[in-house]
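The chain that follows stands alone, in the form predicted alone, written as structure tokens.
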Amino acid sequence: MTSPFANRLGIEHPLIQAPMSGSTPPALVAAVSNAGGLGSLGAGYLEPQAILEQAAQIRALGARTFAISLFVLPDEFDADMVAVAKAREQLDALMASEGLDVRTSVPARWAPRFSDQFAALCEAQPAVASFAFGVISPAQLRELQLRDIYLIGTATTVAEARAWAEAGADAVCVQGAEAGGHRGTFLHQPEDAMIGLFALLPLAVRALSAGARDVPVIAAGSIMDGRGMLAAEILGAAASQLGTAFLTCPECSAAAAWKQDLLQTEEHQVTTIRSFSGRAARGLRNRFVEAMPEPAQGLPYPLLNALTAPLRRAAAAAGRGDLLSEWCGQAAGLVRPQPAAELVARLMHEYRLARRTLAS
């Protein structure tokens, strides 16, 4: 069974592997795309040359249709260096108390320049480009259209979905409160945009089908199996985007300790966190989250994210999942460790069974 959305992109299934920056290496992206879904390279943390190299690796692994995803950010950031120094002091003390022999440093740049990343994305020319944290400019939209790159914008409210539709997006991915990882919110305070997926989805579908053009809506927010995909479709979704479901695949580059912790997750342990990056994100409440000093949490994204990066790398190397940013969706306890291609096949089998059950 195919859908208009899948047909437009030339994929077999209305299934997108979420672009989880830092956890979606070429092997995972290619495996999902080659299995008939849309694999997504989360490139928010990548320098331009790395974007080009990883896109080439994905193609070398046989994937023709895949997405590259970026965070819409300014090219430069103002930093309160007094606050940075205080945060570094607190972070260093925390790592020392946890026995990790690593300390913070001020990076040459707080994050890659978005304009340079965007130029690399255009050069890589994937079939799909997706964006979070904001709306791209009209000039950037034209660059994508010139290359026939399908544009997906991320929204956490109906107003943000409308903003993307008005900006010319080909589709909008609505991110429910249950979704793991960073919140894509850009028009509201994060606490005002924590709307459950199955409330947000039909509202967004109604809003984006009422204008001059009918903009497809993609559902994201802790969908973990084929039944959830069908439920989203019934509420109007053109496709489902799954992230947490792929975190325990062997092709995923999430730390081994993180993967292990997901297998033991209980739903009440998943919460909204700012302490790793300075931006609201959904993940496990672990030792780092509980011990992080409040003043350090006041640093905005991407400053705090850059300061904690070496600490997270050291924690991963030490097998300390409790000191990692263990992003995950609300239903993380439903993860099923298996190769990505097998998971895609399983999801679609479940989806077909659910459809038959509903029709009977």
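Please read all numbers here as calculations on a predicted model, not as lab measurements. Residue indices: 1-based, along the sequence shown.
There is another form of this protein, the form predicted together with a small molecule, and it is not shown here; the text below is about that form.
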query: Non-hydrogen atom within 4.5 Å of the small molecule in the model of the complex for each of 72, 115 and 136; finding: no
query: Of 181, 278, 226, 216, the one that lies within 4.5 Å of the small molecule in the model of the complex (heavy atoms); finding: 181
query: Of 237, 132, 172, 121, the one that lies within 4.5 Å of the small molecule in the model of the complex (heavy atoms); finding: 132
query: Interface segment, criterion being heavy atoms within 4.5 Å of the small molecule in the model of the complex, picked from 64 to 72, 50 to 58, 28 to 36, 308 to 316; finding: 64 to 72
query: Non-hydrogen atom contact residue 14 with the small molecule in the model of the complex at 4.5 angstroms; finding: no
query: 4.5 angstroms heavy atom contact with the small molecule in the model of the complex for residue 126; finding: no
query: Residue 20, heavy atom within 4.5 angstroms of the small molecule in the model of the complex; finding: yes
query: 4.5 angstroms heavy atom contact with the small molecule in the model of the complex for residue 150; finding: no
